[in-house]
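A lone chain, given as structure tokens: the form predicted alone.
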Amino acid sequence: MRATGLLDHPFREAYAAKLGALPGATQAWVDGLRQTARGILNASGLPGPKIETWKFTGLGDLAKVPFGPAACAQDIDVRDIPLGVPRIAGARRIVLVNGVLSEALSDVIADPAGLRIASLKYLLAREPQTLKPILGGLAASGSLPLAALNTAYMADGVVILADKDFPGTTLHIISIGAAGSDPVAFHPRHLISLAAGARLTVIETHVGLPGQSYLANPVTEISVAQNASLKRYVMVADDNDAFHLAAASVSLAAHSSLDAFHLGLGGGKVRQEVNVSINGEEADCRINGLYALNGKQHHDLTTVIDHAVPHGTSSQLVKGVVDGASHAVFQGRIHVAKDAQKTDARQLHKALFLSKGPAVDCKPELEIFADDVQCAHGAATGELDPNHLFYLMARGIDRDAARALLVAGFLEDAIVTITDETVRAAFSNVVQSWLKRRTA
């Protein structure tokens, strides 16, 4: 079913007029990717409410905003990283403003041996063949409509290439959204490729400045080769008038691992979609998450884990709290192919209502075509247990403090799944700040 509205905006024509100026436009294979993406958009549009995986996250309000290309805005000047962005000790900061790499705000550090970091714009213009094996293959299908939108208009992003047996480092990608006098849209494309045996930790922080609305539409393509390991931690704390629609595709080879955590604390309408293909035996995927919503915020975490081969493992734990008139969505689908025997896949989602106004939609799915597997999923929503509240109050703790302790304890189960101690402490502090603001 084709959705109408967004694709009929003037910003679409503005982008189309600039296609010749996009990086890599003179490369036939890059132009082919963009043409294919535009064909997908023309044929199916963006997803409407009749698309099952988008039924809880409508884009009708998005279609009402007259977004223009961020690159065309003349009145945007971001000179500092916003307050509230956590400082991760030992992590190199890579900063983007409206999807474009900012050298002025990024840490200027020489790449260690075995690791290359570059902007997508630079490589498309000067070394396009470097990108040909890794750009477009994982996110080109029509099953990811926002990836098609991104592919049609991608102009910059971060490219991270780790050589064989790279011993590891920590990178912190900070994406700042900022609109001037008019709403803007930007579509960064990030590529992460780990060769055999490589190790890497990547933190992503998405924040925004108050003002006009903006649309952030990032796509990340990740390839993790045999025996390689990636830790990826994502925090979305955009401005409350912002739209953040992100998609990531991950390919895991034999004996590789992905350890991911997604934290949702801000944004008017947020969707984080993660698709993982377990293509090698003994690969391990962990996708955990936490959301804390207030006001009219909307957050959708959608995951698809495809076990294509035997002896793969995956686990998911997502917990969240909702307040005000907010709306949370968790959709988790686990697919186990016929030949994927000895798969072990588990999934759990729990949500806590802090008031009577919010809503939570949860849709766990198991598609199992193998007969020798261990798979399970569970979901629960509810309010604070009054007996637990009474227990704390009976010991001299006032009601607000008792509620805060119970909420913090509920969320702690998710936070402790972050295996990197420095990131765990930083994310925990951010969540604690959210709880303090709510009770202040």
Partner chain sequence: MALIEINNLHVSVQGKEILKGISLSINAGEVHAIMGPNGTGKSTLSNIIAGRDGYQITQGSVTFDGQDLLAMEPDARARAGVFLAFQYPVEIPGVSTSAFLKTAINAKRRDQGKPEIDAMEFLKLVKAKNKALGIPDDMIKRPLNVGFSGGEKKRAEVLQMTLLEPRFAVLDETDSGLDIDALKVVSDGVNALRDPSRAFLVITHYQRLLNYIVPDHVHVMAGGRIVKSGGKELAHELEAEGYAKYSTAA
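Worth saying up front: this structure is predicted, and the values here are computed from it rather than measured. Positions refer to the first chain, counted from 1.
Keep in mind that the form predicted together with the partner chain is not shown, yet the notes after this line are about it.
(request) Please run the contact check for Gly409 against the partner chain in the model of the complex: heavy atoms, 4.5 angstroms, yes or no? (result) Looking in the model of the complex, residue contacts with the partner chain include Gly409, since a heavy atom lies within 4.5 Å.
(request) Answer with yes or no whether Asp398 is in contact with the partner chain in the model of the complex, where contact means some heavy atom within 4.5 Å. (result) Yes - in the model of the complex, heavy atoms of Asp398 and the partner chain come within 4.5 Å of each other.
(message) Please tell me whether any heavy atom belonging to Gln374 falls inside 4.5 Å of a heavy atom of the partner chain, as the geometry stands in the model of the complex.
(response) Gln374 lies outside the contact set for the partner chain.
(message) Given that the partner chain is not shown alongside this chain, does Asn387 nevertheless sit within 4.5 Å of it in the model of the complex, heavy atom to heavy atom?
(response) Close contact exists here: in the model of the complex, Asn387 approaches the partner chain to within 4.5 Å, heavy atoms only.
(request) Could you check which residue among Ile51, Ala379, Ala63, Met393 gets a heavy atom within 4.5 Å of the partner chain in the model of the complex? (result) Exactly one residue meets the criterion: Met393.
(request) Using a 4.5 Å heavy atom cut-off, indicate which stretch of 41-49, 55-63, 400-408, 25-33 touches the partner chain in the model of the complex. (result) Checking each option against the 4.5 Å cut-off leaves 400-408.
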